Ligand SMILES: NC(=O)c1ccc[n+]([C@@H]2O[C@H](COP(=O)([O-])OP(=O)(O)OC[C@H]3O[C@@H](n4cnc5c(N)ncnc54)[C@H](O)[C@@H]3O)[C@@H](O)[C@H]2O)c1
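One chain comes next, on its own, written as structure tokens: the form predicted on its own.
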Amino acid sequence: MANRFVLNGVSYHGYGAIQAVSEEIKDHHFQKALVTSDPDLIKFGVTKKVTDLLDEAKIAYEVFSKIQPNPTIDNVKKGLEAFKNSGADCIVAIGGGSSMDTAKAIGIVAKNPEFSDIRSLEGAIVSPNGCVPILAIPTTAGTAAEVTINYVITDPEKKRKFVCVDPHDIPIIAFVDPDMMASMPAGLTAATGMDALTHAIEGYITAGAWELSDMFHLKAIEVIGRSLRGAVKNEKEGREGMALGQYIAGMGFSNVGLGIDHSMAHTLSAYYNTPHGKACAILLPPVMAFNADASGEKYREIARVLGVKDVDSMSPKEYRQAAIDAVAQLGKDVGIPDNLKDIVKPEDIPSLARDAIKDACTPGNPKPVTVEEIEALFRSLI
């Protein structure tokens, strides 16, 4: 069976990357853009860094900002209406995963009205008419939504998040500019950075991993491991490293899938509106411990690129624990809690576990898992 690998057609990296936005819009002969961005980015002038460029280039646009941190079905419906009313022929998505996931859903349904029931987007599809062209500008170093074929929408009515996968939803161009991430507060930088690390580690050990994806994931772990602490301190090199590291992780996991850390994190966001990156970060060490015996020698390489010395002289048990400890220490150093006591209600755990086992990421876990085992993982953290 052949392995498929989907990436952006074009991407720009480094300080000043957003300067290419107007040129790319003109080169593609787009006439008008719908800019999707969240209210806080507009409030603090982050979105304006891009819209000023559009104004300068006399490119027509309208802004849609009715987007929540965990974007909902209603956000998508309102965005779809805004897109249709605007007369736009492309979308400029500015923000973290929320803005880009909303843009992807809008773009798919706008070209494929048979998916107007937003819930019908769940799972793996190949939309027959593709997607409205998306130009993606991340403002967080974590989700890598600018280079993935995945997006996640929240269904508040059913208290669940559903994962959508479509090779046509990938942005045609990504502009990964660390300057767009400089306004992130330390806590958000830490949480999104640990989300990126989770992408890299889960993608590295997932059931679908292979040599090409391993190359991306191992490098992403290395770059994130050396950059996240500096990024939290808002150091230039740390920001630049995280912008690159999270993107590299996205190049990999988008093509091979994730595991139960993300399944469990999705349920936490759906039930308690927990920030996705924070949920992933808290879950990562215990989930790594659960999956350790199904990881082969990969934890040795994780430990190595995270700076652990003498891994070649360690037994499998030792280097696996060393990798888990290195990840836990990184989380501690950037202020990530080590438990879910302030989030999870014990009486919700059976429901959380049942929803997690049905999540689209669960089949990618490196070893089979039961509802009871997921319950035990949740309970171990409260």
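Note that the structure is a prediction, hence the values are computed from the model and not measured. Quick note: we count residues from 1 along the sequence shown, nothing fancier.
The following text describes the form predicted together with the ligand, which does not appear among the structures shown.
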When the ligand is placed as it is in the model of the complex, are T206, L284 and I324 each within 4.5 Å of it, taking any non-hydrogen atom of the residue?
no
Using a 4.5 Å heavy atom cut-off, indicate which stretch of 58-66, 316-324, 329-337, 41-49 touches the ligand in the model of the complex.
41-49
In the model of the complex, is there a heavy atom of the ligand that lies within 4.5 Å of any heavy atom of F253, even though the partner is absent here?
yes
Would S263 sit within 4.5 Å of the ligand in the model of the complex, counting heavy atoms only?
no
In the model of the complex, is there a heavy atom of the ligand that lies within 4.5 Å of any heavy atom of N234, even though the partner is absent here?
no
Please determine whether P156 contacts the ligand in the model of the complex, using a 4.5 Å cut-off between heavy atoms.
no
Give me the residue from M184, L306, L121, M194 that has a heavy atom within 4.5 Å of the ligand in the model of the complex.
M184
Counting non-hydrogen atoms within 4.5 angstroms of the ligand in the model of the complex, say which of A93, A145, M242, I106 makes the cut.
A145
Though the partner is not shown here, which residues of 68-103 have a heavy atom within 4.5 Å of the ligand in the model of the complex?
P69, N70, P71, G96, G97, S98, S99, D101
